[in-house]
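Single chain ahead, by itself, as structure tokens, in the form predicted on its own.
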């Protein structure tokens, strides 16, 4: 007769969404690779990672096999979901040009989880994206962090308001007598708006903390721009500053010190020239896409920048970025592979597009590595992910196999 304990175990396995992934090599990222590895998934989360010999299946689980399993990739900066596949006005919500400063714009209000490009990047192993308004305006809007699978925004969102996207340098300047027309005007406008946000927050706090509630006219009129910037001033939301030239990076560091705010450098083509200053400031860098067109303010970009910053002890992450013309959405694993080949190495490159990216974004408690308790977001490969001949043959998001790619 079957024991009560064994019967209960089989009933649990049959009634829960249990899956076992077997792989020739499992890369947990948070720990060394596991040969002949195994990942147990239940109810959308990882419950065990180890060797196949460690796992005792009940026979009721769904079984998936692949050559290599890694965490789902985490894109530290992109515009997918606001940028659409047709590249025509109706699906291009990543940049609003009417004003240079618009921190009140929210990516969550524009993100389309059913956009074909979201599915496309997922098929290359990306399961989490930090996406939103593109560089190109002094303050273009707020970013969000979300999964790449789901029908509605409520299903995919992880962090609805992640960072405030800013641009310092040539790509954020205007022509034809429009502001900002040069770098000093950019800094003056941004500084002035931050000062106004400081005053707005001070008045708001003073009225809120007051015992006298009989004078509602003293309460500051709501201002969505100043509320957003105040969230940066109080540490709730970093400024994501797109900067490539050395002096633009230094302007960003000086602004962070002046207002005692958190910033993240986005791009950083010339970051290798000021590594000591970046490290001293404790500022992470989301390194420009390796395959970016190296012209204009990006003319001094290098394939080795990621490796140099990592060697210097500066936190880095990989991104797909944005350009104002095709390709507007890149493939994260290709970008990481280039960094791996130019000094970063496979292990650090994998970390830079998984766990290190998740840590920089503050979501490493859920994604970025294969560990018990974390979301079961897994990319399945038929070989080394950084080899050009390798394919992503499947993707699991929250324990559900959502992509099975046949090439």
Partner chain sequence: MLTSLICALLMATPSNILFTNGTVIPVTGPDIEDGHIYVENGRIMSVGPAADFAAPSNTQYQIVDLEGGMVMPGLICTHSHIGGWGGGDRSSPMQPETRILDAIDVQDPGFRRAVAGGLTTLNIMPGSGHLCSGQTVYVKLRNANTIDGRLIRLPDAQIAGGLKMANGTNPQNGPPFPGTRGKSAALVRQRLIEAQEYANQIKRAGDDMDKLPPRDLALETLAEALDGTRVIHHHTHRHDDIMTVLRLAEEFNFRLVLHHVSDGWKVAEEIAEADVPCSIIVIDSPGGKQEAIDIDFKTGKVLTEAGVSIAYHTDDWITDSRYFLRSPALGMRAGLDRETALRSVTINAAEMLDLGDRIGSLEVGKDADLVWLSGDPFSNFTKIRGTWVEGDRVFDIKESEDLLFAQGGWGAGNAERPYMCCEEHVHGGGQ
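The structure displayed is predicted, hence computed values, not measured ones. Positions refer to the first chain, counted from 1.
Keep in mind the form predicted together with its partner chain is missing from the figure; the text below concerns it.
Using a 4.5 Å cut-off to its partner chain in the predicted complex, each of 87, 97 and 341 places a heavy atom inside that distance. The shortest heavy atom separation between residue 273 and its partner chain in the predicted complex is within 4.5 Å. In the predicted complex, its partner chain sits within 4.5 Å of a heavy atom of residue 390. In the predicted complex, its partner chain sits within 4.5 Å of a heavy atom of residue 327.
Although the partner is absent here, residue 42 lies well away from its partner chain in the predicted complex, with no heavy atom inside 4.5 Å. Put simply, of 301, 194, 309, 253 only one has a heavy atom within 4.5 Å of its partner chain in the predicted complex, and it is 301. Scanning 283, 105, 331, 110 against its partner chain in the predicted complex with a 4.5 Å heavy atom cut-off leaves one residue, 331.
Screening 147-155, 265-273, 222-230, 178-186 for residues having heavy atoms within 4.5 Å of its partner chain in the predicted complex returns a single hit, 265-273.
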